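A lone chain, given as structure tokens: the form predicted on its own.
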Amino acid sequence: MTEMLVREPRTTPARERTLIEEHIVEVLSDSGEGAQRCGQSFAAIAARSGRGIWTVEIIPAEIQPPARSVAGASGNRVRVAGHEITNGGDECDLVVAFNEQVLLGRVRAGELKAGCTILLESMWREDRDPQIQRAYAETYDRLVADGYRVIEAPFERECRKLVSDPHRGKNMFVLGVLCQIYGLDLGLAREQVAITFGKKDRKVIESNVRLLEAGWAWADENVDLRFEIPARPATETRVVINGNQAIALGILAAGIDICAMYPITPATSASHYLSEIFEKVGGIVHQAEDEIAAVTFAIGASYAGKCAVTITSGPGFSLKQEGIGLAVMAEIPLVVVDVQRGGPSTGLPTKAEQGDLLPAMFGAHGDAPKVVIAPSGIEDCFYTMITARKIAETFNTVVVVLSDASLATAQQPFRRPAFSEDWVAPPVDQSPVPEGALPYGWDETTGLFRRSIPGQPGGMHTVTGITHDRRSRIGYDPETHEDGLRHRSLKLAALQRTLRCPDVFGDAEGDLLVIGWGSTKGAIEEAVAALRAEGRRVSSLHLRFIQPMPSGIGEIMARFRKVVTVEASWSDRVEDALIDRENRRYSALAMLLRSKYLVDVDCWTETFGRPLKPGIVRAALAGFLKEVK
């Protein structure tokens, strides 16, 4: 996490700079060469200078992919602007590539803007291997022919002047280059390098600062690109963190005591961050032997009176389902974080998708009602954890928080939260249980009851996953089973009565209403804003609570001529010859809205494993608007 007071930028006055509102920059390398760290540092410096940022990590699927391979591209995309940024944007304006192969996949995926500038490491043109020389030359010629501006840059040669192993320092040289190109303060850059390598020996920091300064000087001498992105000076302290860090800090702020997990991409970094800081506030991170052990450990800790969370991703979430069902049946509070990724099976372990909505709601066998919340941004990841803990302990139930890979690694600045005592879980009530009170004394209108913990006077009862009555006695008769199902379901209804319907982005009525959930909010609202600027009658609605949904959504939908969901999940394409109205599979949210409100909700989806781009969403919505008669 980077914390800062925003400063006015200082630029080098030697050359005139072109004023631009925003740019998207990518830094690409083989895995292990530090492109991700370079991009993160560049984003942090830009944010500390008063710019809006949003980052997207580019992560290969393999842990150690082959060097110089298309599939092995590792790096970071940074969108920098003179205003607040809520998503990764469209195609990039500038790319720095450590070899031509890691660049090819991005070109083929359409991630580069036409005429994009590419700073390409030139060492491969003179490599000892003639095949590498040929591959480099052919790629360079093709890029130039396709209209890209390619600047060959001798990063390796320049770094060798300072260090014996440029492989471990080239990223900081490139950071200096980017700071020079975008006029970012060199003093702030030095501070960021010190923060980045703060746990290293002083010599390591000094070496990387020299590389940073060398990159700055080289770019000043050899690169004719000079841009200035307006800054927005602010007085409040802001933080720059990613979604997984925000979740981890939200766990602390909520007063949660126990995190039980098993490592899985892209959720693991949340527990890594917790491992560094949790003990300072009395928390424990337990790495279990598998996902099943992790969820049952968390359930046991919660039963004993602690606040517990378990963090995982799609495959791990599937393995936890029986344990989640146990927590629902035994009515033990539990928060489950699912950082979604592409599926099914191993799927796309490092890529983004929103495919777990229906499993989160209905994955457990039998009727196991759970609360499902989906944060829509980095700041929302923090506050959602506080809300999730409160709901889990108020209703003695399971709350599933659906983040995803888009949020997990994306960085964004937001105002530093001012801690409130109201966030933290109150001490567990250990006073004697009143005589005659039942362990599951469900309230007839809410399904709620007082939670009992081991050792509480008068609170001894059986805890079981088998159907039980209000006295916690096992019962197989139909009346007991029906009574338990009813009161566990009433909890969702009671919570639903407290929820406020989200605000409509745009006008309250019109031709097209776009509904989304989770990490797609920024891209959807940017696309809708662009269409509205053209005079189109389109608005959007973004859902945070998906189970239960707040009241009022049906009334909002009724005020628009057409309703469509936008999701990063699968839905059948109507243009496919086999697909018709009878057999089309709709996306998850569209399916839920269609069944709940009996409205002909359409859907648009994309499953490329990348965050949704506002330009692509805008084009899709323009197509739906043409259908509105």
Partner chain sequence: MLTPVVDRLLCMAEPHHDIEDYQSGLVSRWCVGCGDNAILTAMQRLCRDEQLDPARTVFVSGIGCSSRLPHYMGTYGFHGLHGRALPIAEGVKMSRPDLPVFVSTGDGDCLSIGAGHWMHAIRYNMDLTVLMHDNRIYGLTKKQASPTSPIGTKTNTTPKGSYLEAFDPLSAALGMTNVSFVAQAVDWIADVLYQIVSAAYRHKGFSFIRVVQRCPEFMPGAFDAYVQDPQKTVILQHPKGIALSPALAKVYKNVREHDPSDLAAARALAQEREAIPVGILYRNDDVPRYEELRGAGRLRTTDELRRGLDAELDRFTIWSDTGPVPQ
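This structure is a prediction, so every number in the text was calculated from the model and none was measured. Residue numbers count along the first chain shown, from 1.
What comes next is about the form predicted together with its partner chain, which is not displayed.
**Q** Which single stretch, out of 500-508, 112-120, 140-148, 189-197, brings residue heavy atoms within 4.5 Å of its partner chain in the model of the complex?
**A** In short, 189-197.
**Q** Just to confirm, with a 4.5 Å cut-off on non-hydrogen atoms, which of Glu421, Glu479, Asp224, Glu534 contacts its partner chain in the model of the complex?
**A** The option sitting close enough to the partner is Glu421.
**Q** Ile299, Val336, Ala392, Leu512: which sits within 4.5 Å of its partner chain in the model of the complex by any heavy atom?
**A** Among Ile299, Val336, Ala392, Leu512, a heavy atom within 4.5 Å of its partner chain in the model of the complex occurs only for Ile299.
**Q** Do heavy atoms from each of Thr265, Asn396 and Leu492 fall within 4.5 Å of its partner chain in the model of the complex?
**A** Judged in the model of the complex, none of Thr265, Asn396 and Leu492 sits within 4.5 Å of its partner chain.
**Q** Check whether Gln456 has any heavy atom within 4.5 Å of a heavy atom of its partner chain in the model of the complex, and answer yes or no.
**A** Contact with its partner chain, yes.
**Q** Within a 4.5 Å heavy atom cut-off, is Thr235 in contact with its partner chain in the model of the complex?
**A** Thr235: contacts its partner chain in the model of the complex.
**Q** Heavy atom to heavy atom, is Asp93 within 4.5 Å of its partner chain in the model of the complex?
**A** The answer is no: Asp93 has no heavy atom within 4.5 Å of its partner chain.
**Q** Would you please decide whether Pro434 lies within 4.5 angstroms of its partner chain in the model of the complex, comparing each non-hydrogen atom pair?
**A** Answer no; every heavy atom of Pro434 is more than 4.5 Å from its partner chain in the model of the complex.
**Q** So which residues in 483-514, when you check its partner chain in the model of the complex, have a heavy atom no farther than 4.5 Å from it?
**A** Nothing in this stretch is in contact.
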